[in-house]
Every structure is written in structure tokens, then in C-alpha cells.
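In C-alpha cells, one chain follows: the form predicted on its own.
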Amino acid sequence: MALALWKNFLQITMKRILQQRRLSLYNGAHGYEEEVIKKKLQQFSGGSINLSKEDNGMAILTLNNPKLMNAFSGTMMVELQERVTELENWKDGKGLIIHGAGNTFCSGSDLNVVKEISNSQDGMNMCMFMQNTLTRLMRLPLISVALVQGKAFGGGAELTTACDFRLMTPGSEIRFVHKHMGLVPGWGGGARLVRIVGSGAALQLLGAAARVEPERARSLGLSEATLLSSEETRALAEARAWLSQYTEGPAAVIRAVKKVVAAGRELPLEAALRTEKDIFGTVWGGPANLQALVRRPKHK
């Protein structure tokens, strides 16, 4: 009876948390027309967003448009949303690495797309579409890392801020070049950057469109580490090893850790505390907790 009640509580709690995580920032009340902008974006093809999920709970998401330095075509923006949905439904996931094909990360938006949707309404819809997608990416119950090789410019720089961590390879750079395009960040990267490096440093990086190389990124807190190799396969192996220190253990526990941190990052204190209580209830008395009690009956 107790086990049945616990399972029922777990199902209800997880369903509510999942619904909160998928809640979009924008909907029709904000003038947002998702199907309209998706249809328009799908007119601009090129590249792909590839996702591989491994038995160890780690996923690799690859931005694959190397001819344009992995710039986002319209179809890639839509595919990113689809891959995020797939990851939301992956119950065994623990970690996520995002990287670019061809030894570079991402140069932002494909300028052909930008030119074709240059009117204000289309631009706003695209902005809301990508903010919705990257917010859902940030809220995934997977610990995520952006592997920055080569250049992460514009929207690519914004994408790195939607990950929990950033790793850089020798010679790589992150650069918010929006000012040179007569713009500001529109995919949520400005707001997230302030939370990562503080308002003063964010103002410097955005205002000067400054090139941020690995050493400076580490000093600002924008990057956690500089990897040894800039070669794609080796750098990916290094990133796997680095991330595994945080994803080792039962998926239910790792995912709960991420959810607690996400709640603390986004919610007012009282709401974060209540969410932490709910998440605690999903692991207390669960398999990992009971196994730990059997393994460690005494304090040492």
C-alpha cells in the first residue's frame, strides 16, 4: 500500500514538474503565432540538428551546417525545437553535450533567413520561437554543456548561455556580435549572460562586441575549463569525460539535482523551496535512497 501511494505521488509530482518545464514563455496572448513562423522558417532549408542518445544517459546534439559555420537555417531552428521535445521525453537522460560539426560551434543565424524575414512581425515571432526553444533547453532535467570549438558568434554565443556549463578549446572564441548587426540579443542570451557573468561584464561584452577567448572566458565565469585539444573527436572525448563527473549515478537522482538547481535559478525563493520539497519527495524512499541506506548503515 505504501509503495503504491509513493508511486502515485511520484507520478503526479513529475507530471506537474514536466508541465511547468514545457510552459512556453509566449503564446497567442503575446501576439505569438508559432505555426505561422514555423511554416515561414521551413521555407529556408540547409543543414541539420543531429541528436544521438547513448545507453549511459548522455546525449550529443550536433549543429551540422559546416558550409556556413553551422549558422542556423530556418529548418534548423525548427529541428532544434523537435530535438528539445525528444530530450524532454527521454526518461533515462542525464547529460547533454552541444557542439558544432567541422571544428566550429555556430555563427548565429543564416543571413539569408535574416534578410527574408526582416519585417518587424516576422522578426518578433522568430525571436519568441527561439526564446521558447532555448528556455525549454535550459530547463531540461539533463546537465548540459556547450563545447565551444572555433567560433560561437551572435546566436551561437546565445546558445552557449542556455547550457549549464561551457567548455572551450584552444583558439576558440565567444563573441556577442549583435551590435555590429544593428541588433541586441533576441534569443534570450542577453538576460542569461547577465546571470552568468553579472551586469557589468555583460554590458562590456555586448557593448563592445568583444572577442572572448578561453582565458578571459574562464576569468569571467563564462567558461568552466579550457580543453587540451581543438581537434573535434578528441575535444568531444574530453568533454564527455568532464561531464561524466556530474552525471555519474542513477538517472532519477541526477535529474532531480538539475531540477532543484533550475528552480533555484529561475523562481522566487518561496516557490523554489516548495519545488525543492516536491522534487525531494520523488527521490526520498526511492530505489537509490534505499540502496544507499543499505550500503552505508553507519556514519563515518
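All residue numbers are counted from 1 along the displayed sequence. Here the structure is a predicted model, which is why all the values come from computation and not from measurement.
Another form, the form predicted together with a small molecule, is not on view; read the next lines as being about it.
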{"query": "Contact of Phe153 with the small molecule in the model of the complex (heavy atom, 4.5 Å)", "finding": "yes"}
{"query": "Any non-hydrogen atom of Leu68 within 4.5 angstroms of the small molecule in the model of the complex", "finding": "yes"}
{"query": "Any non-hydrogen atom of Asn112 within 4.5 angstroms of the small molecule in the model of the complex", "finding": "yes"}
{"query": "The small molecule contact in the model of the complex: Thr160, any heavy atom under 4.5 Å", "finding": "no"}
{"query": "Complete contact of Gly108, Val177 and Trp187 with the small molecule in the model of the complex (any heavy atom, 4.5 Å)", "finding": "yes"}
{"query": "In the model of the complex, the one of Ala191, Ala208, Met181, Leu228 near the small molecule [non-hydrogen atom within 4.5 angstroms]", "finding": "Met181"}
{"query": "Contact residue in the model of the complex, chosen from Ile196, Met126, Met138, Ala201 - any heavy atom within 4.5 Å of the small molecule", "finding": "Met126"}
{"query": "Interface segment, criterion being heavy atoms within 4.5 Å of the small molecule in the model of the complex, picked from 212-220, 162-170, 95-103, 68-76", "finding": "68-76"}
